[in-house]
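Given as structure tokens, the chain that follows is alone and in the form predicted on its own.
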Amino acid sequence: MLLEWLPWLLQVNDSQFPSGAYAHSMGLEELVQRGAVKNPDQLETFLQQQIIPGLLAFELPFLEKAHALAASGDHENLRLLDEELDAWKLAAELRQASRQLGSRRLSLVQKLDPDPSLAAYGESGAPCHHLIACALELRHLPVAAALCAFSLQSISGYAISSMKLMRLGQERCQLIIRGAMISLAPHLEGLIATPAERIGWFNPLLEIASLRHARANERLFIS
């Protein structure tokens, strides 16, 4: 029997979904220019050692909380979480990128599946970070599906932007995404079964790269 939410998940998680993510490398462009990530092997290491730990320690536990609030319609506390997430994003470029992606995604969801409560949230002046928009967008799905979808968006975003920054073909790109998801997936059940009491993660590599990228004379990506 077809899960009724599956077509929605496939559509909003498609790489062609026009959220504007193609215009952002989230700091990776600066790392490539500085020689910290130079080739596909180093991209795999970067995902395994920098991105996946951040997802598991910070973004996915945060998304789990946001998803519960979005599912229950508790937009007051969801906004508090949105503002806390804003404070966590120290680099202005990363903060603005997350806001742009979130606002764009929420606007598109409104057009595809109009919901007055989502419209009210979007017009409330909340930061509308990408993670919060994903929680609202996927609020009717099981939390495991939401965590998987957000993880895939994050990892594929870095991998796909890498094809513009280094010699990386489409097949190798997909293999790298597959490898990263295989590494991450076994941890998701643990996250759901035992929600983190304290959520936190600081990755100075990405923060510093983003701060430098904002002052670069030439750049391909917005962030």
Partner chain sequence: MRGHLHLTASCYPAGQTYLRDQSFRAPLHLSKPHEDAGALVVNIVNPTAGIFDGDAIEINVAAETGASIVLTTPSASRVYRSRSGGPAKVHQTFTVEAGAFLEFYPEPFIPQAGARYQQKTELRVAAEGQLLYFDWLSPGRVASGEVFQYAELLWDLDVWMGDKLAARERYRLSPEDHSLHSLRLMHPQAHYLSCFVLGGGDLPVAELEALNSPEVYLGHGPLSTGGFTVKVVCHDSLSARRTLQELRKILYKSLSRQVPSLGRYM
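Residue numbers count along the first chain shown, from 1. Fair warning: this is a prediction, and the values are worked out from it, not measured in the lab.
From this point on, the text means the form predicted in complex with the partner chain, which you will not see here.
Trainee: So which of 70-78, 112-120, 149-157, 85-93 is the stretch with heavy atoms within 4.5 Å of the partner chain in the predicted bound form?
Mentor: Contact-bearing stretch, as computed: 85-93.
Trainee: Hey, in the predicted bound form, does Tyr22 get a heavy atom within 4.5 angstroms of the partner chain?
Mentor: No, no contact at 4.5 Å.
Trainee: Is there a heavy atom of Pro53 lying 4.5 Å or less from a heavy atom of the partner chain in the predicted bound form?
Mentor: Pro53 belongs to the contact set for the partner chain.
Trainee: Mark Gln174 yes when one of its heavy atoms lies within 4.5 Å of a heavy atom of the partner chain in the predicted bound form, and no otherwise.
Mentor: Although the partner chain is absent here, Gln174 would stay clear of it in the predicted bound form, with no heavy atoms inside 4.5 Å.
Trainee: Answer with yes or no whether Pro204 is in contact with the partner chain in the predicted bound form, where contact means some heavy atom within 4.5 Å.
Mentor: Yes, Pro204 is a contact residue.
Trainee: For the spot marked by Arg104, Met163 and Arg167, is every residue within 4.5 Å of the partner chain in the predicted bound form through some heavy atom?
Mentor: Heavy-atom distance to the partner chain in the predicted bound form: none of the three under 4.5 Å.
Trainee: Let me know the one among Ala36, Leu188, Ala196, Met181 whose heavy atoms come within 4.5 Å of the partner chain in the predicted bound form, would you?
Mentor: Going through each option in turn, the one that passes is Ala36.
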